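First, one chain by itself: the form predicted alone, in structure tokens.
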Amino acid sequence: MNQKSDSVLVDLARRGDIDAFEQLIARYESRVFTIAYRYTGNYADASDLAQEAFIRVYRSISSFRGDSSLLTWLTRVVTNVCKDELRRRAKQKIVSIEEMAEKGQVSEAEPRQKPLEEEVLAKEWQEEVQQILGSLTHEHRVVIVMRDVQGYSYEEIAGFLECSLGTVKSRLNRARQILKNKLLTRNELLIGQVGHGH
């Protein structure tokens, strides 16, 4: 069975062919979900945002003119959905992260001879980075995820975000600096808490 091309499926979907649209979803849902997951770090939220992205795509499929690839367009749509959601949650995220820091959710100092110690530390470090990413402003988080996690070029990011190359570079530099400072501060905080536990 020959697979229909994206452009054929888009033309059919424009004319109200639900089956064609479902084929497009099947083709790209894992890519869209992955992008959403990178922004949220949460499976349930990523599923909801991916679904919301496809609803937006369905509503606006007639406006897709094929100036860029379908994947580029889908990426822009899901990125915008994620940005909207992150904007909505920004204050709430920062407050919850600050509360976690205040509660000192750090395990008590224990002997360092555990065989799984490195694995546990690596997992904690990933969670730490994810939390700190969540505390960045949506502008900073979006550029750092797109560049350092998803690997998009500066030009692609500028296209997705509809801003200049200079804006992308300056936001990315600021985002990396903020991330680095937060990681260093957080690390010193943890070391201090563990030190006081002796």
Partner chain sequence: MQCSEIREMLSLYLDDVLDQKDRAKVEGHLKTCGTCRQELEDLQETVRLIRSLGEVAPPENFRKELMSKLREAPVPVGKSLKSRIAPIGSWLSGGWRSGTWRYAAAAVIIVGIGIGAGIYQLNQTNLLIGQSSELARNNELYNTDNSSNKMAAPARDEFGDSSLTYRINKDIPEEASNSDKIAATKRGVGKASEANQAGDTGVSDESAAAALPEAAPEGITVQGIVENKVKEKSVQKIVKEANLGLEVENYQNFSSKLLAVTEQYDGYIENSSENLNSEASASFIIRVPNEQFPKLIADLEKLGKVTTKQVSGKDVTGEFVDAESRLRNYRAQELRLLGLIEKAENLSEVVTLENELSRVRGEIETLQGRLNVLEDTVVYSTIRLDVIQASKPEVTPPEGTVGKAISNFKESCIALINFIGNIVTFTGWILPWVLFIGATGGSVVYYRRTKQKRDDK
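Everything numeric in this text was worked out from a predicted model, so none of it was measured. Positions refer to the first chain, counted from 1. Just so we're on the same page, rigid core means the largest C-alpha set that superposes within 1.5 Å between forms.
The same protein also exists as the form predicted together with its partner chain; that form is not shown, yet it is the one meant from here on.
Proximity of residue 22 to its partner chain in the predicted complex: non-hydrogen atoms within 4.5 Å are present. Its partner chain is not shown here, but in the predicted complex it comes within 4.5 Å of a heavy atom of residue 179.
Its partner chain is not shown here, but in the predicted complex it comes within 4.5 Å of a heavy atom of residue 51. The shortest heavy atom separation between residue 29 and its partner chain in the predicted complex is within 4.5 Å. Proximity to its partner chain in the predicted complex, taken as a non-hydrogen atom within 4.5 angstroms, holds for one residue of 133, 70, 158, 61, which is 133. For the three marked residues, 38, 45 and 183, a heavy atom of each sits within 4.5 Å of its partner chain in the predicted complex. Applying a 4.5 Å heavy atom cutoff to its partner chain in the predicted complex picks out 144, 147, 148, 149, 154, 164, 166, 167, 169, 170, 171, 172, 173, 176, 177 from 142-178, in order along the sequence.
Core-superposed comparison between the shown form and the other one: the CA of residue 20 stays below a 2 Å shift. After superposing the rigid core, the C-alpha of residue 46 moves by less than 2 Å between the shown form and the other one. Once the cores line up, the CA of residue 179 ends up 2 angstroms or more apart between the shown form and the other one.
Between residue 161 and residue 60, the Cα spacing is larger in the predicted complex than in the shown form, differing by no less than 3 Å. Expansion of the residue 167-residue 65 CA spacing by 3 Å or more is recorded in the predicted complex, set against this form.
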